[in-house]
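Okay, here we've got a single chain as structure tokens, the form predicted on its own, with questions on binding and movement later.
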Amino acid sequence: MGEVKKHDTPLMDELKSGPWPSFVDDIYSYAEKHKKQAGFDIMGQMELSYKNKETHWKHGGIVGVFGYGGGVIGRYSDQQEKFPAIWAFHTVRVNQPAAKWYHSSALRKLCDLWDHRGSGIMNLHGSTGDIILLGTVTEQLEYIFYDLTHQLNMDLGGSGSNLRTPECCMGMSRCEWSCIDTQDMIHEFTNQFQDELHRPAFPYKFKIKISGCPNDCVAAIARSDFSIIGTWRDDIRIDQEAVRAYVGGELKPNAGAHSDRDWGPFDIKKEVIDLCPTKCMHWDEGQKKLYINNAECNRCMHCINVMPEALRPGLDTGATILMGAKAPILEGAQLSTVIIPFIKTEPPYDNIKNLIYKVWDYWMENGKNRERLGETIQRIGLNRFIVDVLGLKPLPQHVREPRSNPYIFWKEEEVEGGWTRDVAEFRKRHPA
């Protein structure tokens, strides 16, 4: 290791003055310790970006590893003479384990790998869920891929117009509300969809995210093309004694999460009953008993979150399938839409896999370039997608808003005799 060249970075240094830990301190201390010129050059280029108020990264072409079409995002500096150590600063996405559980030895090996092959700068995790290894050069990519797969038993994640790395919450490994085994499902889907994950063939990106309950801790409904949300279809389980304990102040609401100040005595009507979105709950003060009209419950989880020792999800569990969430790209941002209100989830989950394949078959054939699934649904209409593409029956749960289009369009097979008319027969009925 030779001497490193430092740059004057007053704007970046300003970020070190706040009350919170700074990434600037982290990068500088790492670069000093390991004599990494890339650490100082990245700060120098960022200083220039702050000064000019524009990026100095350019996309100079496609880079990757042999046999894969994704997993590496090429990044090149347009200030290579000033900052030669970051002439290339490629990002490597690594497929995270389900629910992001790690053994400490695996993390140490990963850090050692990146110290040796890259900049040493990592992000755990990217917004899609991947482990993000920030900054390496083209010549190191095959070595990194070999070490990941042979030494760490890890694989690259997804990038480009393909299936992005599937992601899930902690599920049954840690959460008592989880209605489905999110980790097993993610492991199964990741193995099943290897070709779609590594070899881009889609109109644009496709994300699968799984949450174990309607709290949706991975924001699947806001961020994924195919959202799987654990739910139940029987009654919420009620412990009436525990409900009375909450009302009487013996148990703290929200598991004590808001105990930083005195909010006054717990008011079940104000904090639970009146906040129920479907008004399906009733507290009988005389009987000291909670009633729930489960047929009207939409599984929002609010009452369960407020009184976790009194209320629990039902026992007949499965998942709700929603589709079409996306960021504002061609059209505005949107949440995913309920497609299947309830489906059982049993290994190997062939019913869900077949549904995903059916969606992909249509979208790959009919989706436009850089068009997310949600935008395809917007373009062709939700009714056509549900009935014609998926072969499902329309349900009340499919209604997002009252109709605004006054026209009804019939298909030819729905009209007696179709569109064809006999001119001679018409003239017999309507003589000149």
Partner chain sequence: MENRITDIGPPHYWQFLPPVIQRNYGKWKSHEIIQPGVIKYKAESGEVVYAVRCGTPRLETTDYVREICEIADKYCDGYVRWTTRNNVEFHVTDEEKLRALLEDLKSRKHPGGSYKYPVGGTGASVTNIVHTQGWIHCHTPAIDASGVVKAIMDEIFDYFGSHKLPAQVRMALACCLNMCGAVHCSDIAVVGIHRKPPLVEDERLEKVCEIPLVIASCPLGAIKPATAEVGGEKKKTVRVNVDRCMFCGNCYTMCPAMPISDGQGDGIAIVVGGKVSNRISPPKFSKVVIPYIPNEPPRWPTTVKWIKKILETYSKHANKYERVGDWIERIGWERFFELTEIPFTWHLIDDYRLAYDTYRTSVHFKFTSHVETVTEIEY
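Positions refer to the first chain, counted from 1. Please read these numbers as outputs of a predicted model, since none were measured by experiment.
Below, we refer to the form predicted in complex with the partner chain, which is not included among the displayed structures.
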Worksheet, complete the sentence: The one residue among Ser161, Asn305, Gln80, Gln240 placing a heavy atom within 4.5 Å of the partner chain in the predicted complex is Asn305
Worksheet, complete the sentence: Only hit among Ile292, Ile343, Ala106, Val137 for heavy atom within 4.5 Å of the partner chain in the predicted complex is Ala106
Worksheet item: Want to guess which of 359 to 367, 47 to 55, 403 to 411, 390 to 398 is within 4.5 Å of the partner chain in the predicted complex, heavy atoms only?
Response: 47 to 55
Worksheet item: in the predicted complex, do Gly18, Met122 and Asn153 all put a heavy atom within 4.5 Å of the partner chain?
Response: yes
Worksheet item: Should Lys288 be classed as touching the partner chain in the predicted complex when contacts are defined as heavy atoms within 4.5 Å?
Response: no
Discussion item. In the predicted complex, is there a heavy atom of the partner chain that lies within 4.5 Å of any heavy atom of Ala245, even though the partner is absent here?
Written reply: no
Discussion item. Quick check on Gln194: any heavy atom within 4.5 Å of the partner chain in the predicted complex?
Written reply: yes
Discussion item. Please determine whether Gly126 contacts the partner chain in the predicted complex, using a 4.5 Å cut-off between heavy atoms.
Written reply: yes
Item to complete: Go through 20 to 55 residue by residue and record those having a heavy atom within 4.5 Å of the partner chain in the predicted complex; state none if no residue qualifies.
Response: Trp20, Pro21, Ser22, Phe23, Asp25, Asp26, Ile27, Ser29, Tyr30, Lys33, His34, Ile42, Met43, Met46, Ser49, Tyr50, Asn52, Lys53, Glu54, Thr55
